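Taking the form predicted alone, here's one chain by itself in structure tokens.
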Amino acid sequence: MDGAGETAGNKAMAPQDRLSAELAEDMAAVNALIRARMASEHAPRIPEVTAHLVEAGGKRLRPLLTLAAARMLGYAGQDHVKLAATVEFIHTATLLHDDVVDESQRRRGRPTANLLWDNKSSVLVGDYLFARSFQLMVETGNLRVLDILANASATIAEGEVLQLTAAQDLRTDEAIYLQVIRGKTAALFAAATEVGGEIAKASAAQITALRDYGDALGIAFQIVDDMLDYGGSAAVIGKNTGDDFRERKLTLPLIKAVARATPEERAFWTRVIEKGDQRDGDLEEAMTVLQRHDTISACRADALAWADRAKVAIGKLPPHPLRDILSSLAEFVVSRVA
């Protein structure tokens, strides 16, 4: 499918659902490949843990980006299916590891794998999925694709480690925050779109546009996710409101609040974030401080600016129905906190 058959009914859907509809055949092939490759003859725990997360109703946004980029630029083969599955395996592996690191209890509205099984299973199954992802990307026979996804995997890990050291340090500023989310989130968005163009043998300028689009979209996406932790519903964010606060993560809303803090407010942030001395009512107090400095609105302005960058980047590609959906997707990502 190339997206040329988009209907008026499709246009009334959310952009992500429109992508799913336009790429339904390709996505069915990706899902079948994911199920086949997450099987294990000798370790039944692997498909049990993987299926719990893979089948949890995620939107498959990252693999959809790979499929869309390839189809938009005229790719007619099947290797984009392997790359889309690769991207989803990398993403799922990072989620399994993240939930262990964060000691999370909910993911996509369901108990996390580490809660249902144990930390050891989550870490080892995540390792298995990383290995599977490299097997898949090698099968395309494209060294440049391997380079892009291998670099992204390293960048994701680097971003997560940086977050460990920066998340509870009140000296963390917006530049460091951007470095963290560009690593842990945007790197895979950028790689997902870039490999789609690479497999389609797109021009260097087109591949740069795809990479820039994915990078900006991923940054907007993560900023919005961090905002939702201070006001989104559990149904939207797939976890409990305030989890980032309880885990003492210094995300953008708090970074902006700390930068504008009075001495009393800074003492509060030092106690609850740096020292981890959290008491009843502290989350509500944090929300009050955020409202006082209007930091959520400031974060939304940042997210909108990154969404605009994504739209500019994707606008450099040739006209195509899928290009229009990807442009709308950038707006939609921010609309979750409208």
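Please read these numbers as outputs of a predicted model, since none were measured by experiment. Numbers for residues come from their place in the sequence shown, where the first is 1.
There is also a form predicted together with another copy of the chain; it is not shown, and the following applies to it.
A heavy atom within 4.5 Å of another copy of the chain in the predicted complex is found for exactly one of 200, 228, 255, 123: 123. Only one of the listed residues (172, 241, 153, 206) places a non-hydrogen atom within 4.5 angstroms of another copy of the chain in the predicted complex, and that residue is 153. Stretch-level contact check against another copy of the chain in the predicted complex with heavy atoms at 4.5 Å: of 303-311, 266-274, 23-31, 42-50, the positive one is 42-50. Contact check for residue 261: every heavy atom lies farther than 4.5 Å from another copy of the chain in the predicted complex. For the chain shown alone, residue 130 is a contact residue for another copy of the chain in the predicted complex, at least one non-hydrogen atom being within 4.5 angstroms. Using a 4.5 angstroms limit between non-hydrogen atoms, residue 179 touches another copy of the chain in the predicted complex. Interface membership of residue 97, defined by any non-hydrogen atom within 4.5 Å of another copy of the chain in the predicted complex, is confirmed. Residues 151, 153, 154, 157, 158, 160, 161, 162, 164, 165, 179 of 151-183 are found to place at least one heavy atom within 4.5 Å of another copy of the chain in the predicted complex.
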